[in-house]
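Quick heads-up: it's one chain on its own, the form predicted alone, in C-alpha cells.
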C-alpha cells in the first residue's frame, strides 16, 4: 500500500527578476513500513517537496496524496495523520520543560492527558532522554533538543512521518539512536518514514529505497544497492599535491563522465574523484596530471557510492552543485 503518492508535482516560485522552478514534474510512491530517502544537495528541491506533502505549501500543478488524502483538497485530514520534524525549525519553548513541550504539542492533536503522558514516556525511552524530560528546553544540548524534535513528530502516533535533515548537527551517538528508531518505527509499527537528506551515509544505512533529486527533478529511484550496482563505470580516486586543485572541472579530463575535487589546505593535498567512461582512460589521466606537474601520491579504483550515482547523472558532486545554487 502506498501511503505517499506524488504525480507530476511542480512548484514555481516567482521573484521580481525571474521564475524559479523548484520542482519539475516529480512523481513517486512510498509504501507503508518503508524508510524512504530523498537524497540530494542543498537547493535540490527536497524541502519544497516536504513542505507540499505536509500541507505547508501549495503546488503550482500536479497532485499529491498522503494516506489517501489530497494534500490540497483534504489538508486538514492529512495533518491529522502525519508528523513532521525539521532540524532547521525551533524545537519548542525555551523556558518550558521537555515534558511540557511534548504535552503542548500532543494537545494540538487532541490527545487525552493519559495517552499523551504515555506517549511522552514511551518516546523518551526509545530516544533515551528520560532523565532530560523535566529540564527546561534551553538547558538541553543540541543532541537532546534534536531528539525532542523527533519525539514531537511522533507524539500523535502518525501514519506517515516527514523529516527534513533529521540528524543535521547531531553528535554521532544521537544520530545513531535516531536512525535506529526510524527503522524500528517503520518495521515494527508499519509507519512510512520519509526523510529528506544530503547525508549519503544515512541514506545507505537505513533507507529501503532512495530517490536522487537535483534541480527539482527526480534522477533515479531504487534501493541503495541497486542504484550503486547500476553504475558500471569505474570510480577512481587520485590523491595528489595541492596543484591538483588547479583542475577546476574534472570533466575537462579525457574520458571523465563526472567528478569532484576536495582540497585539504592544511596538508596541501587534494583528492580528485572521477567516474571514467572506461578503465582505459586511467593511464591517460595519469599522463595528463604528470604533464601539469600534479604529483599523484596514490590512486585506487573504488566501489561506487550514492554520490557517484549522482555524479554520473549530472557530472558534479553535492558540494559543486550547492555552490552553483549559491551563485
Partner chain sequence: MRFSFTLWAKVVIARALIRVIAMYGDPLWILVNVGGPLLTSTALAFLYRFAGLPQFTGFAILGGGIAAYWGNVLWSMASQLSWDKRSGMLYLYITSPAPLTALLIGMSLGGILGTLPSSIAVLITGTLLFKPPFSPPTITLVLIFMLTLVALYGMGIALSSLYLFLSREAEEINEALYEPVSFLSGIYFPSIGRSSPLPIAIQAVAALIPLTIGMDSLRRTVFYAEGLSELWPNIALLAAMAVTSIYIGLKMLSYIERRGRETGDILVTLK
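Numbering follows the first chain given and starts at 1. All values reported here derive from a predicted model rather than from experimental measurement.
Omitted from view is the form predicted together with the partner chain, to which the following refers.
**Message:** I need to confirm a contact call. Of 125, 188, 172, 108, which residue comes within 4.5 Å of the partner chain in the model of the complex, counting heavy atoms only?
**Reply:** Comparing distances to the partner chain in the model of the complex, the residue within 4.5 Å is 108.
**Message:** Using a 4.5 Å heavy atom cut-off, which residue among 252, 112, 232, 246 comes into contact with the partner chain in the model of the complex?
**Reply:** Here the answer is residue option 112.
**Asked** Is the gap between residue 242 and the partner chain in the model of the complex 4.5 Å or less for some heavy atom pair?
**Response** No - in the model of the complex, heavy atoms of residue 242 and the partner chain never come within 4.5 Å of each other.
**Request:** Decide whether residue 209 counts as a contact residue for the partner chain in the model of the complex under a heavy atom distance cut-off of 4.5 Å.
**Result:** Residue 209: no, not in contact with the partner chain in the model of the complex.
**Asked** Are any of the heavy atoms in residue 269 no more than 4.5 Å from a heavy atom of the partner chain in the model of the complex?
**Response** Although the partner chain is absent here, residue 269 would stay clear of it in the model of the complex, with no heavy atoms inside 4.5 Å.
**Item:** Touches the partner chain in the model of the complex: residue 89 (any heavy atom, 4.5 Å)
**Value:** Because a heavy atom of residue 89 falls inside 4.5 Å of the partner chain in the model of the complex, the answer is yes.
**Message:** For the partner chain, considered in the model of the complex: do all three of 119, 176 and 181 come within 4.5 Å of it, counting heavy atoms only?
**Reply:** Zero of three within 4.5 Å in the model of the complex.
**Prompt:** Among 199-207, 96-104, 253-261, 220-228, which stretch has residues whose heavy atoms lie within 4.5 Å of the partner chain in the model of the complex?
**Reply:** It is 96-104 that comes within 4.5 Å of the partner.
**Prompt:** What residues in 1-25 sit within 4.5 Å of the partner chain in the model of the complex, counting heavy atoms only?
**Reply:** Result: 11, 13.
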